[in-house]
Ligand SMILES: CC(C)(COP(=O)(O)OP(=O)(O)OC[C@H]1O[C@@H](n2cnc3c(N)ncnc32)[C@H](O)[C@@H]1OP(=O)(O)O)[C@@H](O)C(=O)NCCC(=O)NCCS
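Only one chain is shown below, in structure tokens, and it's the form predicted on its own.
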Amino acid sequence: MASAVLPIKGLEGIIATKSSICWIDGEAGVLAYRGIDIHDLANHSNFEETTYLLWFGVLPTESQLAEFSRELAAARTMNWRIYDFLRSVPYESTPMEVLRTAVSLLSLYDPDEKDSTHDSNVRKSYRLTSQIAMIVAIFDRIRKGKSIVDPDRTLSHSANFLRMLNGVNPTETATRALDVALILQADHELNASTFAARVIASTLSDMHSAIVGAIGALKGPLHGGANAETMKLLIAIDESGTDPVEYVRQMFAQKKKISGFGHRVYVTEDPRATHLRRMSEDLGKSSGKSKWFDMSRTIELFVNKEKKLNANVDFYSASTYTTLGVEIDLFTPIFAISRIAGWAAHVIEQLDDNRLIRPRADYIGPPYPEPYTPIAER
């Protein structure tokens, strides 16, 4: 029977839990981690410090940050069987498929696998944060026939990932660009992947299962795959030789969606897009490859004028990652490299004060009681 409360499709605007991790004000364009504005974090913080904030609720002291960074770097290790798995999968497998399966395998070799206490979940979070970045870089090199680059525990999280991915130490500009991108995407309240992780954790499953579920949700093009679609559009425009504005105008005439614009939560500009726009521009200038930023900016101004839509986090992350030399199918895995910080924080918070997440559905099927018809009479 239909409930007295009307269902909201997609649960839009529904409050599902209490959390002290992330606050969003879509009307004002505010995103804050533990009360600290994302603009302050993007301008002054790094990924390690931001991750500490998400996990422990406060900004670290200098000594606490140094110890946290050492712990995260020390976690850059995996059982040899994970390496064998990465070598054995078909090279045409998508990196997100490989990442999803590899994270599931990680649980079999995690020393805290059978322990779901608060402290063990924090230890798992250190390992998963480091290991997810390693898996993405290692698989990309294996599928390209390149040698695996061992992790460098003297480098920051972002610098080490870029080194393991490209085989050379990154520039300061490239490292800072990735660091800012990781900060901006580290958490975003109850997005689809984070909600999936909390639902799984609420069943008293384990940290790895929750993260595998989150990766599965992030894999969808309506969630983590939007920046890849944005880059495919930029490449299509470039290869067509068509003016970007005219190309997008034709797409509008054909009722086609432009990836990277609009957001379920933000009415104003996505505050993350503000920083990624600047990073994309700075990277383009420093590398002498400003084509992708210039094209993106032209499209953004046109779409905003014509449709009053603002760029979201996905739009400029596309040109930023491409200028960093990242393959399109690695965009979403890099999203996971960032979002593991938030996923872990939410799983820990969920399990610290757990109640099974079990919503109801508004039934719209045949009225009860529907008679059972014997098979011979159907």
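Keep in mind the model is a prediction, meaning the values are calculated, not measured. Numbers follow the displayed sequence, beginning with 1.
Another form, the form predicted together with the named molecule, is not on view; read the next lines as being about it.
In the predicted complex, the named molecule sits within 4.5 Å of a heavy atom of residue 263. In the predicted complex, residue 221 approaches the named molecule with a heavy atom inside 4.5 Å. A residue is said to contact a partner when one of its heavy atoms sits within 4.5 Å of a partner heavy atom; residue 226 meets this definition for the named molecule in the predicted complex. Residue contact with the named molecule in the predicted complex: residue 259 places a heavy atom within 4.5 Å of it. This chain is displayed without the named molecule, yet in the predicted complex the stretch 312-320 from 30-38, 344-352, 312-320, 43-51 comes within 4.5 Å of it by heavy atoms.
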